[in-house]
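In C-alpha cells, the next block holds one chain alone, the form predicted alone.
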C-alpha cells in the first residue's frame, strides 16, 4: 500500500501572492498617474473643495466660528439625520433642494451672510454639492467643513437634536 505524502499548500500560496503584488506594482508604475499606496482622504477632500473655489474649515475652526457668532451653519443632510443631531443653531437645507428648487429653500437667507456648509463625514459629497449650488445662486461667503458632523463631534463640538 502506497502512502501519499501531502505537501503543504502555503508555499504555493506565498509564491502566487508575491507574483500578484509584483504584477500590481508594475501595472501601477506604468500608469500615466500612478495611484498612491496610501491615501489621505482629508487632504483629497480639501483639494477637491478648494479646486471648486470654496473655502474649507476644519472642525476646530468651525467650532471657533460658532463661538464668535455671525456664522450660519447649513446642514446638507436629510431632514431625519438633521433632526437626530446637528450643530446648534444650524438650518437644514438638504442637498435634495438642488433638484427640487434651491431658490425656494434659501429664500429667507441673506446672500452676504457667512455660511458654513457640512454633511455627515468625509465620504459625504452633499456639503460640497450644496455649497456649489449656493455659490451659483449668488451666495458669496461660503465655507465647507469636509469632515462633517462626524469630525465636528470628534473635535468636541456641541450638538443639538433628539
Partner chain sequence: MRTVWMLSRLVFGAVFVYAGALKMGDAAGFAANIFNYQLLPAKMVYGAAIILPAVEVVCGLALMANTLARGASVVLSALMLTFIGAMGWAMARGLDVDCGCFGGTQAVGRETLIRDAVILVVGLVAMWGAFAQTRRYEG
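It should be emphasised that the depicted structure is a prediction, and the values quoted were computed from it without experimental measurement. Numbering follows the first chain given and starts at 1.
The discussion below concerns the form predicted together with the partner chain, not included here.
- Residue heavy atoms within 4.5 Å of the partner chain in the predicted bound form occur in exactly one stretch of 35-43, 97-105, 54-62, 132-140, and that stretch is 35-43.
- Put simply, residue 27 is close to the partner chain in the predicted bound form: some heavy atom of it is within 4.5 Å.
- Interface residue remark: residue 123 is counted as part of the site for the partner chain in the predicted bound form, having a heavy atom within 4.5 Å.
- The partner chain in the predicted bound form is not approached by residue 154, whose heavy atoms all lie more than 4.5 angstroms from it.
- For the chain shown alone, residue 113 is not a contact residue for the partner chain in the predicted bound form, no non-hydrogen atom being within 4.5 angstroms.
- Of all the residues from 17-31, those having a non-hydrogen atom no more than 4.5 Å from the partner chain in the predicted bound form are 19, 20, 21, 23, 24, 27, 28, 31.
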